[in-house]
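As a starting point, one isolated chain is supplied in structure tokens, in the form predicted on its own.
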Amino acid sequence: MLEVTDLHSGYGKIEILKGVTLKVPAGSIATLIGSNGAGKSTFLMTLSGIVRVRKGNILFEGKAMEKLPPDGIVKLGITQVPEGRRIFPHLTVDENLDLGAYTRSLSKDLKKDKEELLDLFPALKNRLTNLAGNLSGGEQQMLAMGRALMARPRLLLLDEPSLGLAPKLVELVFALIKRINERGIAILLVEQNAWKALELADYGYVIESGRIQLEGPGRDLLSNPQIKEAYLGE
């Protein structure tokens, strides 16, 4: 589904990604782990068209997307849930969800999609007229995920979805990620909780200093001594 080859990108004169190669098969969960500043968020921002590709190729379902603008990438079938959620706090929950579908033409399908979404995130059902900024951290994360799903993506990019959440909410968020994947949506997960990410993922990548240093099935990486020492505190 997603094939990234020798990807280079960065900010100004600073190159952050230095030749990243990565794949996300259709219907799978892949995770990208690494220390702070390793290039994880820059990678997702590059896939989303926010950071310009300097070198390399990005194919999504066989289509080149290196030169597409962000809205073109959403129309292609990729949406991102950014780190820190970045909901619109002064708009209602319902208005935030509607904005997630801005690339779609208005149709009765939007109402149906929203109903299905609220079944997935029942905590939002009674909050539709509430200002998004008044939601709890967990509810805001659900709203950010729901907003992204309103675009009907085939690949969902998740940037640190458990950041700042209590342990019980972390469990809930990971359960929701699994349920989203079970609907046939592929997921590329960037996550500080390496244990949970690798436990959930079909395949994992470890990035350091803008380069992929290790890769393999998620369960295999969990038992790798280097991963245990560097990311799992063992």
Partner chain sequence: MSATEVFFQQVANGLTIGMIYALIALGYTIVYGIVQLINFAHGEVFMVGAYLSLLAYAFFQGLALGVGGPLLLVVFVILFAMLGTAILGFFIERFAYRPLRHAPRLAPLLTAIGVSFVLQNAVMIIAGPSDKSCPSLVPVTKYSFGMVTVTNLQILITLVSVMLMAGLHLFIKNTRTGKAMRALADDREAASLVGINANTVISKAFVIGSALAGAGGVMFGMYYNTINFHDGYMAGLKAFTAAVFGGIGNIPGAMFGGVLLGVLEGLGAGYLASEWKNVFAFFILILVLLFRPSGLFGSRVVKKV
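Positions refer to the first chain, counted from 1. These figures come from a predicted structure and were not determined experimentally.
FYI, the form predicted together with the partner chain isn't displayed, but the following is about it.
Under a 4.5 angstroms non-hydrogen atom cutoff, the partner chain in the model of the complex has residue 90 among its neighbouring residues. Within this chain, residue 152 is remote from the site of the partner chain in the model of the complex, having no heavy atom within 4.5 Å. In the model of the complex, the partner chain lies farther than 4.5 Å from every heavy atom of residue 164.
Taking the partner from the other structure, the partner chain in the model of the complex has a heavy atom within 4.5 Å of a heavy atom of residue 99. The partner is not drawn, yet in the model of the complex one stretch among 46-54, 178-186, 29-37, 205-213 has residues with heavy atoms inside 4.5 Å of the partner chain: 46-54.
Shown without its partner, this chain lists 135, 156, 124, 117 as candidates; in the model of the complex, only 135 has a non-hydrogen atom within 4.5 angstroms of the partner chain.
Within 4.5 Å of the partner chain in the model of the complex, a heavy atom is found for none of 196, 225 and 229. Interface residues of 60-85, taken as those with a heavy atom within 4.5 Å of the partner chain in the model of the complex (partner not displayed): 70, 71, 74, 80, 82, in sequence order.
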